[in-house]
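Here you get one chain, nothing else, as structure tokens; it is the form predicted alone.
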């Protein structure tokens, strides 16, 4: 079975526009608290979620918006949930990190690594209640250092659960460079449990689709779980308003706010040695430098990559985009009208 690139693009474009609209609502103050976007992960989500069948389940992390949208969850109810409204998907009590849809067998959690045990539970239920169905677990590479996720992998292999672990690797664990806190290769770590592990380009929707197809086929046939490691960017950082990105994008304004406290921390009389404080300042400067470098290199955009393959039929491409743009405008209008 071959992927339909037009279908992939349509779902990825819808997800991107919806999250960009969510970002605007957050910046305008209609959504409170943190907001973690799935922007940059669209190819990973499309390549996996669009192959799910009736009765399959999803255990999501704190970036659950895109999988929910691509699985068909009502976007008005999603946005109303983000806004904390009683008519939201979870009565306004879950926000964007703690989403649940019984109809779609989908649940998300803001607890790092929690999607592993949740997916194992989904998969165990699938074996007994819905033979032939599977579960997906989505998480970032930082979660690979969480014990509950590794315990879930162990049980999934021992019990041959119909489960696919999808690790979205952005190379950053919040504001920590992942390589500085993680030993070895993540694919080798997964293989050590006895399951196949594949490393793929998470900005290439077709590559993800083929890898996920094989992993899902294995799971449905009763041969147990698989692990997919998909590299993908987070162009908006860990969350909207990411401090490292703020400094990178508006250095004059932002440095003014942080320079004083940083200098004070180095020069104060009490506390650690001057050498340690200077070292800490150096680490902060290094993080800012790495963030700036990533921004200047223009991270790969999964949407632009797939769009480039479809430009030969520009008329069809524009027709899809206009239809989805109108759809998202209607979603936002409906959500805001309900609030008025």
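Computed from a prediction, not measured in an experiment: that's the story for all the values here. Numbering follows the first chain given and starts at 1.
There is another form of this protein, the form predicted in complex with a small molecule, and it is not shown here; the text below is about that form.
- Put simply, residue 117 is far from the small molecule in the predicted complex: not one heavy atom of it is within 4.5 Å.
- Not displayed here, the small molecule is approached by residue 170 to within 4.5 Å at the level of heavy atoms in the predicted complex.
- Although the partner is absent here, residue 177 sits far enough away that none of its heavy atoms falls within 4.5 Å of the small molecule in the predicted complex.
- At the 4.5 Å threshold, heavy atoms of residue 154 stay clear of the small molecule in the predicted complex, well away from it.
- None of 190, 112, 216, 106 but one reaches within 4.5 angstroms of the small molecule in the predicted complex through a heavy atom, and that residue is 112.
- Checking 224, 140, 94, 88 against the small molecule in the predicted complex, a heavy atom within 4.5 Å turns up for just one residue: 140.
- Of the stretches 22-30, 304-312, 48-56, 62-70, only 62-70 has residues with a heavy atom within 4.5 Å of the small molecule in the predicted complex.
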